[in-house]
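Given as structure tokens, the chain that follows is alone and in the form predicted on its own.
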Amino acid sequence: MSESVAVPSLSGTQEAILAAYAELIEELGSDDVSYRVIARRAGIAERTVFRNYPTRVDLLLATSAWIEATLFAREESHSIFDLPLAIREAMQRYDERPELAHVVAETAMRGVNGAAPSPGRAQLERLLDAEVPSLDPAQRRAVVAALSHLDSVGTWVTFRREFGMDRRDIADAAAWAAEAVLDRLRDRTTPA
């Protein structure tokens, strides 16, 4: 979505840990990074990493949310019909940092306890309420589900892995699919 993922207020130490882990993921992959290496990169003691993130799952969830909120952050859309462009731009950002995109997607797709499934859903619902209030609940749910899915790093991973698409093709396909969803709503909008 065009709405950032909410990350709880972080201390300077937590920010350093998450930034160090994100850097190391890009360099080494997520499975090859020990707490000792993260601590060294962050310039802190290994025990400090453990105190802040006692388990790998805690660290992964926090890092995934931090990546979405900082490195993949974007401006909020002002219209539901702006989403295809926002989705196109998001897909291109994921492609610029594929290792991080995979971490965010896998955290959400594995259903890791605590992972936020659709950070922009509330914004989608607000935009639909304002611009297309005539949708019945079933139609609304279908539109929100389709757009939430299209506007996710999971879609980028699927297009990349399963279809072997390149950066431009991924951005085009996701934006085109969002346009297809929204085209059915254009004649039902409430005049501004």
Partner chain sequence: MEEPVDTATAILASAAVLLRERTFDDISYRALADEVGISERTIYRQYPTRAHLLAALSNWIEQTRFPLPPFVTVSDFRAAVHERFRAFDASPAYAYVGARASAISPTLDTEPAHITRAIEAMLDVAAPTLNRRDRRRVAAALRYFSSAMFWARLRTGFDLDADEICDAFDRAVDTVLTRVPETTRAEP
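Positions refer to the first chain, counted from 1. Computed from a predicted model, the values in this text were never measured in an experiment.
What comes next is about the form predicted together with its partner chain, which does not appear here.
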request  = With heavy atoms only and a cut-off of 4.5 Å, decide whether residue 165 touches its partner chain in the predicted complex.
outcome  = yes
query = Going by a heavy atom distance of 4.5 Å, is residue 161 a contact of its partner chain in the predicted complex?
reply = yes
query = Can you check whether residue 57 is within 4.5 Å of its partner chain in the predicted complex, heavy atom basis?
reply = yes
message = Residue-level question: is residue 169 within 4.5 Å of its partner chain in the predicted complex, judged on heavy atoms?
response = yes
query = With the partner left out here, if you bring back its partner chain in the predicted complex, are 102, 150 and 173 all within 4.5 Å of it by some heavy atom?
reply = yes
message = So its partner chain isn't shown here. In the predicted complex, which residue out of 69, 44, 37, 146 has a non-hydrogen atom within 4.5 Å of it?
response = 146
task = Select from 11-34 the residues with a non-hydrogen atom within 4.5 Å of its partner chain in the predicted complex and write them out in sequence order.
result = 31, 32
